[in-house]
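Quick heads-up: it's one chain on its own, the form predicted alone, in structure tokens.
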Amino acid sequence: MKIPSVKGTRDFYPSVMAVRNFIVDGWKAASNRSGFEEYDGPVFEHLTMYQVKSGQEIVEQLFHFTDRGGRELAIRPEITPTLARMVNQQINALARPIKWFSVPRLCRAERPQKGRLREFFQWNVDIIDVDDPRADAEVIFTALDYLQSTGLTAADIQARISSRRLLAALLQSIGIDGSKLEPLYALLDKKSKLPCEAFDEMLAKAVSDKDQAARIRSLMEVQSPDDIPQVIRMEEPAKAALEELKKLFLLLDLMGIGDFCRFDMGIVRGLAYYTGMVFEVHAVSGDLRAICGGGRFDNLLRDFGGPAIAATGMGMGDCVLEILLREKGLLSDTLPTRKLDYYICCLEEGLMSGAIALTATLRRLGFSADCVYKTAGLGKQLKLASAAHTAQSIIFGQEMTKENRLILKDMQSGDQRSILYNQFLSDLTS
């Protein structure tokens, strides 16, 4: 009986794995460039972890189960709660500021669709204990630095940035009660995905006061932070949040990524725990989901039983990213599944022992090396070496039998030369 893979998951054959490594290696390189340290956590956690962060409704979006000890557990759908738990557990021992990144494998019990699978990889970057827009700018910079490294330009992608702190202050200034903010955030977050009529109808149900609803609609259409005072009277909390947002954009310009960034009041982010800057990176054209998103979440550690410490971060999934890179012609279907320093070709059965021994020696010296499993024509063996993206082939043939010499062939140029076996080893170790 043939058993298929589970819907919404992927089999990583070597060619597919090469794509995954291309993406993940780029994520890690960008993290290292910006001074982040890597961490990871368990693949499952207590279900309560996710209920604390996202509410009871999250349960239906998780793969959750009860273990033999009666504990309710869930396979992680994200790693931010794990980050909060881990930091809280050693809060007094960790050097600050904390700059961590992770590339976890995550699962969500959702209906698979374009750019959204049940199992996926996500790059997370977080900065903890820096209460300054510079940390927010650094998170955005790190995301855009990676995306630029793939070949994407400001004509391809855009970071849309807003402030939950600013939005909250503005909504309260027009009379929206604080207890109604969270459900309103969820609605405003859907605005760009809904027809205008549908959004207006839902807003009318959420905000019965017609004047308040009209001012909210006007606010969501603002194109520049400088235009906000013309729409809503600015009180002190809103003024402070607006100045903070303007400072963020100045920092982004200073970092050389201003062309990639724009203000967008419609970026709200549906999760309740955001407290300040929020952003999403989108493709300029097309109908793809956000490539990545994040923001400031200063209350998260406190919500998990720790102190109230400033925090900001972002997450980028591999599924939407891969689609975009393919659409832009920036992801090859012929990425090498392996790259060898040396491939040992053996033309005579009696020389195979020496070829095997040399292969092992090269590996112990730190080189990547492989060896033919049985003798065959040289052309066939060189094809195997080429398929393995080998830098140099080492040919065991008549020269080895007569003079203890190897033939080194440069697989890129085709040049080859003869060298004594002992001299070859001496050159490698000198």
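We call the rigid core the largest set of C-alpha positions that still match within 1.5 Å between the two forms. Model, not experiment: these values are computed from the prediction. The first residue of the shown sequence is 1; numbering continues from there.
In what follows, reference is made to the form predicted together with another copy of the chain, a form of this protein that is not presented.
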Which one of 153, 173, 89, 299 is close to another copy of the chain in the predicted complex, taking close to mean a heavy atom within 4.5 Å?
-> 89
Residue (of 328, 160, 118, 269) lying close to another copy of the chain in the predicted complex, criterion heavy atoms within 4.5 Å = 118
Can residue 403 be called a contact residue for another copy of the chain in the predicted complex at 4.5 Å between heavy atoms?
-> no
Contact of residue 289 with another copy of the chain in the predicted complex (heavy atom, 4.5 Å) | no
Evaluate residue 34 for contact with another copy of the chain in the predicted complex, applying a 4.5 angstroms cut-off between non-hydrogen atoms, and reply yes or no.
-> yes
is_contact(residue 377, another copy of the chain) in the predicted complex, heavy atom dist at most 4.5 Å | no
Looking at 302-310, 209-217, 174-182, 315-323, which lies within 4.5 angstroms of another copy of the chain in the predicted complex, counting heavy atoms?
-> 302-310
Heavy atom of each of 75, 364 and 368 within 4.5 Å of another copy of the chain in the predicted complex | yes
Out of 92-129, which residues reach within 4.5 Å of another copy of the chain in the predicted complex, heavy atoms considered?
-> 94, 97, 99, 100, 105, 107, 109, 118, 119, 127
Would you say residue 365 moves its Cα by 2 Å or more between the shown form and the other one, aligning on the core?
-> yes
Does the distance between the two CA positions of residue 386 reach 2 Å or more between the shown form and the other one, the core being superposed?
-> yes
Large Cα move at residue 375 between the shown form and the other one, threshold 2 Å, rigid core = yes
